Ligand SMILES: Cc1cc2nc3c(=O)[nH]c(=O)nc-3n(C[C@H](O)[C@H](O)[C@H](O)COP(=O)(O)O)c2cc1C
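Next comes just one chain, in structure tokens: the form predicted on its own.
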């Protein structure tokens, strides 16, 4: 039976939102799925494993408008050690911005990789407000979109999807400020400390 391999490219994969999204995809997908996190030491293992699957879903967060460095390093390994049978590569990316289109550059990077290395690009889901959405009443937005993605990947009728919280920018900024301020309090960090621009100065190392 055709199977899907879900690869988590988050730098904090064991405790990441990407792992939660991967779990939802697996729950909604009508085809069998396997899950693995990309680490520094399992690149070659995953490259070889990919040939057993018809589809691979990359799940990861946006980092500095691009791909996480761990995922970039894995793609370098994949370029040098491609599977004999190349699967279709789909993507589920999330960012902390409200606008889902903030993920566009990272998607273009992956499409370029696929085109240059002979992989078919499958479906894409771009999630905005991804860091917090599952902890809000708007979690249904993410779940509904992931369900659509799972159906598209499983059927082979690939589509691009995007979703975010149905909030104005002003309201999102207020809500995110409250969220991060309260998060900082858990670790004894004040709002003023989080707003400092000199965190990389010698006095703060």
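Residue numbers count along the first chain shown, from 1. Because the structure is a prediction, the values reported are computed rather than measured.
The form predicted in complex with this ligand is left out here; the points below concern that form.
Remark: of stretches 25-33, 58-66, 146-154, 161-169, the one touching this ligand in the model of the complex is 58-66 (heavy atom within 4.5 Å). Using a 4.5 angstroms limit between non-hydrogen atoms, residue 191 is distant from this ligand in the model of the complex. A residue is said to contact a partner when one of its heavy atoms sits within 4.5 Å of a partner heavy atom; residue 110 fails this definition for this ligand in the model of the complex, lying far away.
Mapping the unseen interface onto this chain, residue 94 counts among the residues with a heavy atom inside 4.5 Å of this ligand in the model of the complex. With a 4.5 Å cutoff on heavy atoms, residue 131 counts as touching this ligand in the model of the complex.
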